[in-house]
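Have a look below at one chain only, the form predicted alone, in structure tokens format.
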């Protein structure tokens, strides 16, 4: 089985036709499903939050079979993730895509578990501490994309689980948990 770093690639990755959009609807549906799962799994294990269509994303080419996905295929697979709520286009031109291997509600649940597991129910943390502090090391929150984190925190704020307050800069935005 071929690997990309420590990531094991699925068998279809070495099958050249899967790098070309398939014309038969049933075959294309299967192809799209396999690529969606691969993109989500790879991004989750590698902690990749943004995929650029024009960038050198490792999954988009396979030198072993000398194949690369066309721009159309890349956009088709990412658009399929967008239509399922597993990704969002970050720009009108569909050049960058925010990958949501966890939906925003799931990230909010992970934050709540993190707060409870660390006894932070009535404490204050900065957004940066949640993303890169010692408490978050070894958790899925460590290194989380700021956009995703803020959206999950706002969702929790709407539910009355915390309050977000502005600091003098974005580095010191605070969060007061009240669980």
Partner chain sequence: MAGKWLETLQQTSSGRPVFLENEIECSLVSAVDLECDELSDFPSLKSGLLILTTHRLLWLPPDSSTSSTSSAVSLPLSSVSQIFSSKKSLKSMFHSPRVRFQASLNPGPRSVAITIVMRGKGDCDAFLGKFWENWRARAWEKESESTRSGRGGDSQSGSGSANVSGGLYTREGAVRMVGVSGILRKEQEMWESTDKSLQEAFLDLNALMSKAKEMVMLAEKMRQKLLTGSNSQTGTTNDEEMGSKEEMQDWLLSVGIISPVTKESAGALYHQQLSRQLADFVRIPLERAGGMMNLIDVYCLFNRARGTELISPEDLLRACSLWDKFDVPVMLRKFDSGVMVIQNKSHSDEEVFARIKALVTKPDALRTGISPSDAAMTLGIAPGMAKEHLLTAESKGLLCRDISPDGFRFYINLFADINTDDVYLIKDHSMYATWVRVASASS
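Residue numbers count along the first chain shown, from 1. The shown structure was predicted, so the numbers you read here are calculated from the model rather than taken from an experiment.
We do not show the form predicted in complex with its partner chain, though everything after this point is about it.
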query: Candidate stretches 108-116, 124-132, 24-32, 140-148 - the one whose heavy atoms come within 4.5 Å of its partner chain in the model of the complex; finding: 24-32
query: Heavy atom distance at most 4.5 Å to its partner chain in the model of the complex, all of 8, 11 and 18; finding: yes
query: Residue contact check: residue 55 to its partner chain in the model of the complex, 4.5 Å heavy atom; finding: no
query: Contacts with its partner chain in the model of the complex - residues in 73-88 whose heavy atoms fall within 4.5 Å; finding: none
